[in-house]
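So this first bit is one chain, no partners, the form predicted on its own, shown in structure tokens.
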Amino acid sequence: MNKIAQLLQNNKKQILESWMQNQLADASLRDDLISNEELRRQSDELISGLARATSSGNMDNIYTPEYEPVVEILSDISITRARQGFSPRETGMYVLSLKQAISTVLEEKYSEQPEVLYKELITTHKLLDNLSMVTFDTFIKGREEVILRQTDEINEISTPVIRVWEGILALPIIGTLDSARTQIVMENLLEEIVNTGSSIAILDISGVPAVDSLVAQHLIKTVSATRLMGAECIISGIRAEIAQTIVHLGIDLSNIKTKASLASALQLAFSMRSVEVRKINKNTGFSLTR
């Protein structure tokens, strides 16, 4: 058994206490996200797993069967912390503070054997640096999962299909319209057309900052899909600069009904549905009749 494995097994309690002190002394420790008891449990579990892995004599390659439990422990901790809102630095310091704790015990044990101390410190630092890279890689993957999930949730929220009147749907689009979001828009709109039996859908692009050829193609695809469902589509929110861009790009929207504002599009939809908007008086507002 090598010296590091012996150290981890024979001095586990001392290393754990030193490691806990290092972590608790860190001003950036998020005790609002993890309790001291949970932190101690995770730390104890990792030291035990590391002691078993190093007892094999392998101190260089962490991608071997004996290190699988250690990598799994670190991966679980990193994923959990990414989801809880820890920063990359806070997660990385978890392993790096263990390096400091083991180094302190090594210095005490081999203070009179500088050559042995140097060799063991180099070996320990290399091992823990490799493990810290696993922590960073897994944390980044966990954070990416969180971002992708939040993006999907935001896209769902930012593409609401509103039933403004019997047979009339409106879908206000805010932000950039890319391929992924176009797919969500089409799915939500087509699903609502089926559910409500609506015959008119209004796509309002007042909140789209710019329209290029790609965005225009996405809109045309959405209109085509809507027509295949037996509904007519009106595009509203065509501002002057958007109209100029569409003309400049040579995009043909002549077979699509377009309006400058949502109000104008709604008025057109009412006329297509044979619904009359009639003003009664300024106190009682408007009346809609067929």
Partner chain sequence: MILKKTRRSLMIVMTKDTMQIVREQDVVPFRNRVRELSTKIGMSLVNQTKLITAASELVRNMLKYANGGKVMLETVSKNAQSGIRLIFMDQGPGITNVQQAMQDGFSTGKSLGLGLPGAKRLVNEFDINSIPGEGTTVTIIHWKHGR
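Positions refer to the first chain, counted from 1. Here the structure is a predicted model, which means the values were calculated and not measured. Rigid core: the largest C-alpha set superposing within 1.5 Å between the two forms.
What comes next is about the form predicted in complex with the partner chain, which does not appear here.
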property	result
Interface segment, criterion being heavy atoms within 4.5 Å of the partner chain in the predicted complex, picked from 180-188, 117-125, 80-88, 94-102	180-188
Candidate spot K3, N10 and S111, all three touching the partner chain in the predicted complex (heavy atom, 4.5 Å)	no
Partner contact for N61 in the predicted complex: the partner chain, 4.5 angstroms, heavy atom	yes
The partner chain contact at E68 in the predicted complex, heavy atom, 4.5 Å	yes
Heavy atom of S75 within 4.5 Å of the partner chain in the predicted complex	yes
Distance check, R163 to the partner chain in the predicted complex, heavy atom within 4.5 Å	no
Contact residue in the predicted complex, from D212, D129, E107, D152 (heavy atom within 4.5 Å of the partner chain)	D152
C-alpha of T124 moved at least 2 Å between the shown form and the other one on rigid core	no
